[in-house]
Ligand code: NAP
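This document starts with one chain, in the form predicted on its own, laid out as structure tokens.
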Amino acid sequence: MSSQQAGSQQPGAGPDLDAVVIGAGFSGLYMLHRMRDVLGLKVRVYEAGDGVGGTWYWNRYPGARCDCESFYYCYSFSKELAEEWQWTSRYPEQPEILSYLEHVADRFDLRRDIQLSTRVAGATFDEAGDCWEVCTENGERITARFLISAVGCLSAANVPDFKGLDDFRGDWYHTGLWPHEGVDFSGKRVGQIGTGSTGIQAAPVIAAQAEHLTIFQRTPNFSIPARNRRFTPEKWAEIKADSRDIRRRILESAGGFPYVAVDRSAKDVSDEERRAIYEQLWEDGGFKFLWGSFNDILIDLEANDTTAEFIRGKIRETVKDPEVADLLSPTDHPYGTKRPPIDTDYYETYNRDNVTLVDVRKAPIVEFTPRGLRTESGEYELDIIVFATGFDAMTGSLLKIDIRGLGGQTLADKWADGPRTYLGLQVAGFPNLFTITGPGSPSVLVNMPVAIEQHVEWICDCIDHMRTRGLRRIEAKLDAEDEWVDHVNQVASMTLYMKANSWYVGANIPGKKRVFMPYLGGQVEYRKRCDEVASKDYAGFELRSGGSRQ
């Protein structure tokens, strides 16, 4: 049977595949390996890009690099893989991470079951056959028992609907859809819209090339220096020798980082001691500033204020123009409640003569013009515009696909008032659909490869459980989903995160329901909860063989 004919399944015939996986990034590659090479299942991965890598295939903007350290932003499932791959620096750039994922695809012979340049358009659950019928944009149809979303949490680019954008005669680019051949900024007047994580990484690199860079900022962000450096042979040998203990600390950490947990409040030490701790962490750089300082930074506003004011002080020390420093100093959200960027010379960039900061909260962008853009305070002539405006996070990539579950209900309708899942793994009414790092799981709040491996392994164990017992359908129960959503919201309400208009709550997308989407309970407690569910015969899920319930 050809894949084009697969949609017309014959009575009594099984689906064409055991599983279809959407996406060939960190999640999709490991899912394919685990399902095909460990469980022996028949799997196909559909990938919209022309190559593997997911986020790291698309995000090629200037300065793109990981904000987790390389030696733990990687797979841990293969000892051989870990031993043979050597990272060159503390925070690897996009090309190196992409090379790593390409190496994984080749090393485990994954490419033969990955169909590139193929975007999934829709998927409908066949209730009679207990399987999914998947269709691609090029008209291909195929059936599979399980549908696995590996689309990523940050892959649906958000280009704001600005008036007049089509009239602009220059070139414009989104950081998440960057040209593979790169962009030459030499001698160009460049406008960058957005100062989130990608904008903070891109600005210093663009400024070093462009004739002039104008940065349009709506909301300033707290950023910590990365302190990136290349690994010496001695440092790499030290990391390798400590690898077992690093892995232990990662699994014991709420955020999936190898930092020793601190049991101290920012309010229980003297001002001098607190400042000394912050100074040391500032010099160390990276996420350790948030995860290795004090245990109440994200739950107590008074404690958070000590951190925020320290960073604002560093901004004032670094940026020579007091007015610019003031514009760069956040005052509308607690530190860490938006994605906490790390940077290389971001604040120093504003000391360059060829960089201008424009406050578009005070004077919003009105429209694009043939020569540039106009705010309420004036027009800016530009040759190139860079949108560092982020993504429709957590839900955007999935909702771009027409997914229909029981009774023809669409996922878009199900999630109209915000995403609802059980454990971030399944959605009631959508049997045999699994979402890797879906809404309601720790996902973007922790070290992503750690979250991905836990989800992939849990899903594969679940599918193996079903296979050995002759089960054909698994679906989250509605009451379990409701209880989990309530729990996710309750945990979020105990923190400072809800005080920020972040993409964690969809605030960057006009009309998107304001709901906190990731799970804030930490990966240790979350893993424990998932394991308990599995040990209790998948409590909260309904399992069926044919038409019978198990």
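Sequential numbering from 1, following the sequence displayed. In this text the structure is predicted, and so the values were computed from the model without any measurement.
Here the subject shifts to the form predicted together with this ligand, a form of this protein not shown in this document.
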property: Contact test in the model of the complex: Thr435 vs this ligand, heavy atoms, 4.5 Å; result: no
property: Contact label in the model of the complex: Asn158 to this ligand, heavy atom within 4.5 Å; result: yes
property: Thr143, heavy atom within 4.5 angstroms of this ligand in the model of the complex; result: no
property: 4.5 angstroms heavy atom contact with this ligand in the model of the complex for Gly152; result: no
property: Which of 482-490, 45-53, 511-519, 59-67 sits within 4.5 Å of this ligand in the model of the complex, heavy atom basis; result: 59-67
property: Candidate from Ile193, Met466, Val120, Val446 lying within 4.5 Å of this ligand in the model of the complex - any heavy atom; result: Ile193
property: Proximity to this ligand in the model of the complex, single hit among Leu298, Val360, Ala308, Leu281 (heavy atom within 4.5 Å); result: Val360
property: Heavy atom within 4.5 Å of this ligand in the model of the complex - qualifying residues of 386-407; result: Ala388, Thr389, Gly390, Phe391
